[in-house]
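Next up: a single chain in structure tokens, the form predicted alone.
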């Protein structure tokens, strides 16, 4: 990692974010006393075949930006010019964030599953992690078993915690012994980083056991008392471990990490910083990023922050995993047609192979956004246990702000479509402002925060984050097509308008960002908006405007395909003014599979025809018994296999690959002569 410039500086900043599909680079510089975006570029991430190195993609973007701005970024030897020179070549800061590549494998070592292990699990949810297993006092293993488990797990990081401050030490030492021996037995070039965040009295003991073997990071105890958790320090150190992991991973990250002012930081950490910052200004905030390989939710509710990252759920590379996690029923709830057999699986597999592909037909459009809506809804449910003070069964609290990143939510082609898609996926309550980050400003600002906090604040406060508008959401179950909200609109420079919004509908007000309006909303019946029956507010517009959602909470799309088709088409038209028709054949239920007359079958025939549940819950028939002559032939074949010496030497045999092979002619002659 390059040394940060020690002199006070307000020079140019280069920020690169490596996603699984896209590499985005921003050039930031001071304009009129504040940091502003000067140039940006993007290209496909070159982490995969044939380059297997993120460097060529970065160089390609920087060459294009150099042509556009006249700024030279490279020294003659190919390195990055740092700090910025007098002729405005190079930059003062280079920050790198990444979500591309295989997630870190982390082995957790703690005392009790419900105490220290629980706190550690909350920490690792904040970055791109793949579990490599857990070792604890109740894992049922002896010392040899724990040694084998640590060796076979092949972790990139070993995360150790346990014991309250000044509490138990001997129990944790029994776990450390086999783990230290396992690290000692590992290849020196593949030894994991060790992060210790347990009882501080054991710091020196841990340093003596692991300090000479591998990289050791320490943080304050994640569980200083039985009822208290402190996760931030461990999360920061886990970010440092991510930098080490990325550099070891290769793919060009080592060279780029050495040039960077901060090393390679996880993109997820920047979203948590952004959520914390916005929550101080607006109130309860949700920051989302839906990517190709991973997705995240950073929440600040009632002053408590949390982040949940799922490194195996995305709408591109991880579409197959998303389908398995979410389930076909959740996806079908957003489809205006009956999915054909294996249609969802085939679509997920195609997205896995071609993650950058976009929908080109109406059917693909609905499939694409069903994955986005259902996947993000599932991720929010996974995040809820980490929301302090929010019961799992209770409705989500009203949100003041939602910030969305990732092309799936921000590159829909229409601000109104993005606003509607976020409202569908998150289903907020009350009055919620919506911002989007199509440029990747959040990773840049978050990566810069530790080097230049003032610059990071200026970037987040600037106009580079797109203000889509505001969503006003009705809670409760309204009567469809009956009045649900009575609305009075007072534009800043126009006549007062009074109207009604029926239940099950949305109203879109295309209010530009430069204008504002006063709204007076009165709900009908037992419904509410953020717990209130009457709401008066003054709203400023955005690139989309104001969306008043009278569909109710929970949001129900319909119990059958015809109803769902009617609702989805109407909602999309009301929000975006995009009109399309559902083909009539989409609404035709597929024919039921023909079943045999079970009443006419008895005994073994009925058992053979009886359907069974397969792996994915689909019904399948039991294989029919072979005819008697085929069964006799099978018995003869098995007998020959049991007596290989008596088998016909000319008969085909199975080789090492399982394929049938036949002896060569010379071998047959030799066998016959022998």
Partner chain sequence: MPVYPDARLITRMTFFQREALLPEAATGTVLVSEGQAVDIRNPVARGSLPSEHIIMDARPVLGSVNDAALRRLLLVKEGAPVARGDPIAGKDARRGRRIFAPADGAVVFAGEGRIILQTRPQVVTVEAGVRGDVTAVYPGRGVSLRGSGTLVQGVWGNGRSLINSLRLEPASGLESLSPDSFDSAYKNEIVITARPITARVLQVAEGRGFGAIIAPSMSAGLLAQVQRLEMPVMLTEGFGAIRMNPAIVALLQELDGLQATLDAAAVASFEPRRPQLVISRRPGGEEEPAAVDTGVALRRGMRVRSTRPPFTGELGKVIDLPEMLITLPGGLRTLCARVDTGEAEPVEIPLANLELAGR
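From a predicted model like this one, the values you see are computed outputs, not experimental measurements. Positions refer to the first chain, counted from 1.
Only in words, not in the display: the form predicted in complex with its partner chain, which the text now covers.
Novice: Verify the flagged residues 40, 349 and 358 against its partner chain in the model of the complex: is each one within 4.5 Å by a non-hydrogen atom?
Specialist: Yes, all three are in contact.
Novice: The chain here is shown without its partner chain. Which stretch in 83-91, 477-485, 182-190, 533-541 comes within 4.5 angstroms of it in the model of the complex, by heavy atom distance?
Specialist: It is 182-190 that comes within 4.5 Å of the partner.
Novice: Wondering, does residue 227 line up within 4.5 Å of its partner chain in the model of the complex on heavy atoms?
Specialist: Looking in the model of the complex, residue contacts with its partner chain do not include residue 227, since no heavy atom lies within 4.5 Å.
Novice: In the model of the complex, is there a heavy atom of its partner chain that lies within 4.5 Å of any heavy atom of residue 578, even though the partner is absent here?
Specialist: Contact with its partner chain, yes.
Novice: Taking 4.5 angstroms as the cut-off for heavy atoms, does residue 128 touch its partner chain in the model of the complex?
Specialist: Judged by the heavy-atom cut-off of 4.5 Å, residue 128 is well away from its partner chain in the model of the complex.
Novice: May I ask you to check whether residue 497 falls inside a 4.5 Å heavy atom distance of its partner chain in the model of the complex?
Specialist: Although its partner chain is absent here, residue 497 would stay clear of it in the model of the complex, with no heavy atoms inside 4.5 Å.
Novice: Quick one: from 119, 214, 412, 325, grab the residue that has a heavy atom within 4.5 Å of its partner chain in the model of the complex.
Specialist: Checked against the cut-off, the match is 412.
Novice: Pick from 112, 152, 515, 556: which has a non-hydrogen atom within 4.5 Å of its partner chain in the model of the complex?
Specialist: By the 4.5 Å criterion, the partner-contacting residue is 152.
Novice: What residues, if any, in 22-59 have a non-hydrogen atom within 4.5 angstroms of its partner chain in the model of the complex?
Specialist: The stretch 22-59, when checked against its partner chain in the model of the complex, contributes 40, 41, 42, 43, 47, 48, 49, 50, 52 at the 4.5 Å heavy-atom cut-off.
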